[in-house]
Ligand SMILES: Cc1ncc(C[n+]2csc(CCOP(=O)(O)OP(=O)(O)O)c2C)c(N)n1
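Form predicted on its own, single chain, as structure tokens, below.
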């Protein structure tokens, strides 16, 4: 029997850790590893067109399963392309192992062709980033990397020179049991008792929930019922907490809606549960705040805390709920629920009624119809920008659907690559990429990956021929929109030319049937929906400074001859402005 190589041993360890596929682009320094994959039936090589796609796909797979996923890039420019997707995975706490193959080990430090230093470059987007400089070193370093990625939730990077990957593996390597799941963390009794006293002493309690409430839906609902608390959420908490929630008051933040903002500012005690919500301008500074998080480094970095609790949300609430007195006064909760209902009627539904003749199509209407037509267990991957807004406001979670996006890193072009990772997990499950034209065109080459592997991803393209969110940001700052316009092709025709199903939708009456036809199609499909470029997202709370900036921008555009465009925008958004 031929002796095993380092590359073969590397792949065997990945398989033992539960990795099922390796996303990447082949290259000379990576050849020994790719050949080892070819000869190992337990792991699949997924050939994408851009390494950034590989990292995004692996990150999506890890987010959906909670298990380790992997990607790879060849030396120098190849593995550099991984970095944006790895940043996203790391900030999403997705356990990903990235292999950065390297130049020949004897040439490191000589400014050799394609030389970079991956072990240094990836330190900011990983828990662990190490160079393997000998065959004997590899097993322990790889196992350590896996345990960092899984145990701490995030990225580990292994830099492996191609010549070392081809070396014979050590005869007796140290292989110990691998950590493949994270443990639960329970707070101490002192913290639970202190939190119970704060809850009992407050008349109005509000819960604000993030992605850390995954798996804690029942515990959050039981606690909210006991203390009669409104429950708001951040975008990453939507899929875990909004369904079957009679205490729901919506979402706060730049993409927010409903009464979450008011509930957070009018309470006596705000509980931040499993959220690292970054926009401290939307957080109150005059109420008692408690934060519960499994990552201690998250505690208190967004707002001043009265109590910091290190623990899983589910474990914390299981300990806390029996200790607090049940409240009987529902007045605060009912008032917030009424505000939330009014906001939904006046804002969120504003663009989904009587729009059958509006051309270009309201993007809100597209999101609403998509929500109705998509499967009950669909996976939605969502581009950063305006697609985030429409997903946040119109996709209905039910405990079975998943919504994945670059919600913490905020990268463009994430939706299509993440859809690839989601679809490889289960070809029978409906995967919908909610793509903006800007994000889609940035990594459009990997639409060919869908065709090559016959992945039945459905790309719903919100095509407003602009970078809409950037345009809004400019206007709020008092600047006229500039450099935000895209000159686009007929994307449906591009899809058909690539060998996929493609349809272009320009009229609202065509939308529902177009989506149904795409969903019925067995292979990859793209629905190119021409949407209103003047539709804007407005946050639930608008400051005087924002109004001033927007008015200044409008004035500049009008003086520059753009009055017609401003009239269109006013008509498109008048109903979306929150009322005093």
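Values in this document were obtained by computation on a predicted structure and should not be read as measured data. Positions refer to the first chain, counted from 1.
Just so you know, the form predicted together with this ligand exists too; it's not on screen, but the next bit is about it.
J.: Note which of 411, 92, 211, 430 lies within 4.5 Å of this ligand in the model of the complex, where distance is taken over heavy atoms; exactly one does.
T.: Contact residue from the list: 411.
J.: Can you pick out, from 387, 495, 420, 317, the residue that has a heavy atom within 4.5 Å of this ligand in the model of the complex?
T.: It is 387.
J.: Taking the partner as it appears in the model of the complex, which of 291 to 299, 211 to 219, 191 to 199, 439 to 447 has residues with heavy atoms within 4.5 Å of this ligand?
T.: That would be 439 to 447.
J.: So, residue 466 and this ligand: in the model of the complex, are they within 4.5 Å at any heavy atom pair?
T.: Residue-level check for residue 466: yes, a contact with this ligand.
J.: So in the model of the complex, does residue 479 come within 4.5 Å of this ligand, heavy atom to heavy atom?
T.: Answer no; every heavy atom of residue 479 is more than 4.5 Å from this ligand in the model of the complex.
J.: Although this ligand is absent from this view, report whether residue 425 comes within 4.5 Å of it in the model of the complex, heavy atoms only.
T.: Looking in the model of the complex, residue contacts with this ligand do not include residue 425, since no heavy atom lies within 4.5 Å.
J.: Should residue 470 be counted as a contact of this ligand in the model of the complex, where contact means heavy atoms within 4.5 Å?
T.: Residue-level check for residue 470: yes, a contact with this ligand.
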